[in-house]
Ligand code: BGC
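Presented below, as structure tokens, is a lone chain in the form predicted alone.
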């Protein structure tokens, strides 16, 4: 079978190779890979900035935003041939730490976790893959064209879970949410905000194009002005930050209503410097009981929440987020950023 592979920490090493077919072990599904979403983490691994090959190997099969169809499944596994599934990315530390021992491997405290397509386990960027039944999630069959959005949706589901847990420390009836950034994470965060009945606003640099259209199709509000100007107008109760741009991050932290919550989901580039008055930021956060929380990855409960959110979403709207589909053999084209890109997908069956 063919798979997209890379030698981690070696830029320019990505290529489609013939690799052995997987042999499912006890309790594992054999899955036909249908499609694979491409994200910033994949770009970093391909650029040689990140990633670990499986022990004893030089190359890693890429891909963590999976979508596949079950070919074989163990009896009484809850899965059957033909089911549409995605594979969970992270696996708990085998030691494990306290969080991993409680099923919250997304919060691993000692870094001993592994991740499909990223850290020490082959990913889902192959025409066949196997996955443990406990780390497979069944999707609504209607999501065949958009199910690869499940992994980023799980990240967003966790972000909302964190916001709501923090909010529950006291009376909490938020009305307005601002999402900074209209990439896949930002747009899916907006979707889950709309599903919660909130007044949702999204700010992004693009003045026109598919991002604005996607936000407006949700019934949310789109802004292309400076973040500080938008927060000054809205006074949002919640901000979900999805850019990682330092100036935007600090504008978000300074921009909530009193007793506001900022959830940071965007990963910043190391080395980018900005000037900020930390004393003023600290004073405002303390005096207004504000909270800033970072959130990354997802556990099984978040995947379940994401599956439910996608099943409730309008299918045409979800398909609108996938702006390009590229055959596996032309993966280089998927790595070339275009101004109107939201989510680029590799088709594994072509």
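Positions refer to the first chain, counted from 1. Model, not experiment: these values are computed from the prediction.
This protein has a second form, the form predicted together with beta-D-glucopyranose (BGC), left out of what is shown; the following refers to that one.
Residues 41, 64 and 155 all lining beta-D-glucopyranose (BGC) in the model of the complex, heavy atom within 4.5 Å: So, yes: the whole triplet contacts beta-D-glucopyranose (BGC).
- prompt: Does residue 115 reach beta-D-glucopyranose (BGC) in the model of the complex, with heavy atoms at most 4.5 Å apart?
  reply: Yes.
field: beta-D-glucopyranose (BGC) contact in the model of the complex: residue 50, any heavy atom under 4.5 Å
entry: Although beta-D-glucopyranose (BGC) is absent here, residue 50 would touch it in the model of the complex, with heavy atoms inside 4.5 Å.
query: Might residue 89 be said to contact beta-D-glucopyranose (BGC) in the model of the complex, defining contact as any heavy atom within 4.5 Å?
result: Because a heavy atom of residue 89 falls inside 4.5 Å of beta-D-glucopyranose (BGC) in the model of the complex, the answer is yes.
- request: Could you confirm whether residue 320 comes within 4.5 Å of beta-D-glucopyranose (BGC) in the model of the complex, counting heavy atoms only?
  value: Heavy-atom contact with beta-D-glucopyranose (BGC) at 4.5 Å: absent for residue 320.
query: Among 315, 296, 281, 293, which has at least one heavy atom within 4.5 Å of beta-D-glucopyranose (BGC) in the model of the complex?
result: If I apply the 4.5 Å criterion carefully, the residue I get is 296.
- prompt: Using a 4.5 Å heavy atom cut-off, which stretch among 66-74, 27-35, 296-304, 321-329 contacts beta-D-glucopyranose (BGC) in the model of the complex?
  reply: Checking each option against the 4.5 Å cut-off leaves 296-304.
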